[in-house]
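Take a look at this one chain, the form predicted on its own, written out in structure tokens.
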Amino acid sequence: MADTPREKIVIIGDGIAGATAAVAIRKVTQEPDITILTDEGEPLYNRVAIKDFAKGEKPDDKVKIHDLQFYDKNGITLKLFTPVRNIDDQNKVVVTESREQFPYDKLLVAAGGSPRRIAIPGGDAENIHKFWTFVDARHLKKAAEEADQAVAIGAGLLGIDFAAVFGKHGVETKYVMRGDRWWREGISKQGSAIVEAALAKLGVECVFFETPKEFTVDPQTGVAKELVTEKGTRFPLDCAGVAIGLNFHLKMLQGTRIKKGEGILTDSYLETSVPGVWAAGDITQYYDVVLERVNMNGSWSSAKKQGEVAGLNMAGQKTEFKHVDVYSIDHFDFMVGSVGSVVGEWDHEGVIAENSYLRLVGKGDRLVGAALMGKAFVLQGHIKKLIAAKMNVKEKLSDMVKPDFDWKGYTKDLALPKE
């Protein structure tokens, strides 16, 4: 009697979501063949820690997570330098750019995205950096070590990494933003002022209400020499960094039955519209049972949890994705970050101590998230409890942003969410 063929599981992406999914499957069962396809040339590393590497604060080996032996030991086939061309979901085959075919019984798409190029003349010059992979971090570190002047573009959580890397290397830096503050989605001008002062200590000047128009490029060398804005302001530079969002790797889904929105649409179990196909990480647009809405969150902690949940479901252990996300930035002598969502129907804010800002965000009578700085950062656990409990907080809002509010007493009967 012939042996039953082993189940084939293919995972597209070896980031924290894809790699965690493979490990989660292996913890449940040794039966299926697991193959991970990645366009990168090295195994899993800590994408959060590459900024510390680029700042010169963490060595190369402290950024790496898995080596090739890890995959062999766990019975996982890792295919490096293997970008995916398309998915044939009718015949259950993944086709790579080299036309190699990988049949599957179950598929996880954890392909993430790539940084958007700034669509202005000179935006593709060789000294205009993106910052997403370990390779990018190595290039950026070298450029920052050699530069005297730099420009950072992108008023968000990734753009500030460029500013901090340049600043840590003593580079005179202009941080150019179109609006009136940093992280407009998450904080007010009051909160941004705290970050602006901290950046100034690193030698980074925040420049507001300036829209990039073009980089002037030396025709002989192909190197950008200055940024010119719509107002005609000129910023000389040796290098620049641009972080204006991601283009998700959705092209591979063309012609499939997998439904898409901004990303890949899934239910709360991270399964797509096609049975047997899951998604996890940046690319995933899932139903969030905590916030009770469709959500997208590719932060490290969220992507890792998504990978775990997707892996458990692929292994036959039905598991719902329930997660209150936490994000943090450690560029200064105080922490900056968020809990849950920073977008809601209302907000309430206050400076609870020096360099300690708190913005609470809600929907209806409940809390859905917060932005925090400094001493407020230690409130993350309390806020996670309130978000998960879907508790009515409206009567306490004005007190919650005061320095003497008793958070411990207010949340003592609530448990941290089980994820």
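In this text, all values refer to a predicted model and were calculated from it rather than measured experimentally. Numbering starts at 1 and follows the sequence shown.
Beyond what is shown, the protein has a form predicted in complex with a small molecule; the following relates to that form.
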At 4.5 Å between heavy atoms, only one of the stretches 316-324, 118-126, 205-213, 292-300 reaches the small molecule in the model of the complex; which one is it? 292-300
Would residue 154 count as a contact of the small molecule in the model of the complex, using a 4.5 angstroms cut-off between non-hydrogen atoms? no
Counting only non-hydrogen atoms and a 4.5 angstroms cut-off, does residue 365 reach the small molecule in the model of the complex? no
Can residue 282 be called a contact residue for the small molecule in the model of the complex at 4.5 Å between heavy atoms? yes
The small molecule contact at residue 287 in the model of the complex, heavy atom, 4.5 Å: no
Residues 12, 37 and 161 are flagged as a possible site; in the model of the complex, is every one of them within 4.5 Å of the small molecule by some non-hydrogen atom? yes
Tell me, out of 112, 186, 167, 241, which residue has a non-hydrogen atom within 4.5 angstroms of the small molecule in the model of the complex. 112
In the model of the complex, the one of 181, 106, 249, 174 near the small molecule [non-hydrogen atom within 4.5 angstroms]: 249
